[in-house]
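First, one chain by itself in structure tokens, the form predicted alone.
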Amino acid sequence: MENLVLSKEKLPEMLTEIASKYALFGPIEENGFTSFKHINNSQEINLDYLLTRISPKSLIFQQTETLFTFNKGKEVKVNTPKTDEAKRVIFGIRPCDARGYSILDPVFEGKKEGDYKDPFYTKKRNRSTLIGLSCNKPDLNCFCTSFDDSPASAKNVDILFTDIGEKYFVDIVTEKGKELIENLSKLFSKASEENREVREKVEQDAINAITRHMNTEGVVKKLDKMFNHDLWQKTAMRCVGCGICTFLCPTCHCFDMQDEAILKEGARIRVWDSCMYPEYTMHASGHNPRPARMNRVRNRIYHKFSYFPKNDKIFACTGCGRCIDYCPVNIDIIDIIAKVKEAKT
């Protein structure tokens, strides 16, 4: 892994150079909220944010996406919308959100030869270079270290920037990242041992600042015995079924397919959905296998901490804390897993 440093005063020049050759996305603040959007001017970027409310998964797995359009004349014509073929750079993504992409990959890209690969996801994913930004000061509900991760993890990005004062320490992680930096080499200089020591201290201080932890040891086997436990009913009594936990989560990926039509024209559209909604599992027959909120609350926890690790050898949670921060009734996923661990079965 090659290490460089970039003076903060040169950051706008770097972003301008990137934007001239790539579609550049990053955190932009508008109306008091920060979200990842296309950047036209480097001055738009807001690096003072910690976590955007909506995760940047929406850049790859779009909230609303037209899969094809159709029209009926003498014959029915189906047209696939043209996709943007430009290479993309996502700048300023936090390590936990970058890890979210890695968790979504086996869902949309398949795990083995012959699996279906979602072209809408894979094209955007393969064309994207991730430039991560370490968290110097994690939030109260951050718990990424519970998943063998770090606020300054470079595992799931192509390049990682860490704020070390007047400079950014730059970890070049992948060949894709190296290719990007090579075109900008005049802006960077070699990292010194002192720079490296400061970077290590920043990371360690950030790790030490994380006060919340989720103990997942043995939770998969424990959940195997708890399908009918009263914990799910007690939790569901508080839940209002709003689905905000799933919409803000960087790893949730439920979606619905809708056909929208006017006279002889229409489109098939994919939209985000939520397993917390009763309509999500409603069959055409009228039968619903998850008729009660208890069933849906339980399914959310089982999906992340039982089904996903069994199928993909990884927990479907990054420890970002969004579901805790924005739950209107203060349901805490760390607390739920702690109760799972304590439960008598």
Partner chain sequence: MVDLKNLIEITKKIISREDVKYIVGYKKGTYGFQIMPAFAYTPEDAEEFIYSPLCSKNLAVYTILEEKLPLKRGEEEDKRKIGVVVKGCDSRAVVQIIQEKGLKREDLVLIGIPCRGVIEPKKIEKMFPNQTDLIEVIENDNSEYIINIGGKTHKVPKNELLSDVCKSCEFPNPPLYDVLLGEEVEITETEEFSKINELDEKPTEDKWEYWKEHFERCIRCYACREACPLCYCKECMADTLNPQWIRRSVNLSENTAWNIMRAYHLAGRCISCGECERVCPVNIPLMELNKKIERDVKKMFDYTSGLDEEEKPLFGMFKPDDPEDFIL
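Since the model is a prediction, treat every value here as computed from it, not as a measurement. Residue numbers count along the first chain shown, from 1.
Although not depicted, the form predicted together with the partner chain is the subject of the following passage.
*Asks:* Taking 4.5 angstroms as the heavy atom distance cut-off, pick the stretch from 137-145, 192-200, 151-159, 170-178 that is near the partner chain in the predicted bound form.
*Replies:* Answer to the contact question: 137-145.
*Asks:* Are all three of Phe33, Ala261 and Val329 close to the partner chain in the predicted bound form, meaning a heavy atom of each within 4.5 Å?
*Replies:* Contact check passed for all of Phe33, Ala261 and Val329.
*Asks:* Looking at Leu187, Ile207, Val220, Cys242, which has any heavy atom no more than 4.5 Å from the partner chain in the predicted bound form?
*Replies:* Residue within 4.5 Å of the partner: Cys242.
*Asks:* Answer with yes or no whether Arg212 is in contact with the partner chain in the predicted bound form, where contact means some heavy atom within 4.5 Å.
*Replies:* Yes.
*Asks:* Does any part of Asp163 reach within 4.5 Å of the partner chain in the predicted bound form? Heavy atoms only, please.
*Replies:* Asp163: no, not in contact with the partner chain in the predicted bound form.
*Asks:* Against the partner chain in the predicted bound form, would Asp84 count as a contact residue? Criterion: heavy atoms within 4.5 Å.
*Replies:* Heavy-atom contact with the partner chain at 4.5 Å: absent for Asp84.
*Asks:* Report whether the minimum heavy atom distance between Asp335 and the partner chain in the predicted bound form is within 4.5 Å.
*Replies:* Taking the distances in the predicted bound form, the answer for Asp335 is yes, it comes within 4.5 Å of the partner chain.
*Asks:* Just give me the residues of 269-300, first to last, that have a heavy atom within 4.5 Å of the partner chain in the predicted bound form.
*Replies:* If the 4.5 Å heavy-atom criterion is applied to the partner chain in the predicted bound form, 269-300 yields Ile269, Val271, Trp272, Asp273, Tyr277, Glu279, Pro291, Ala292, Arg293, Arg296.
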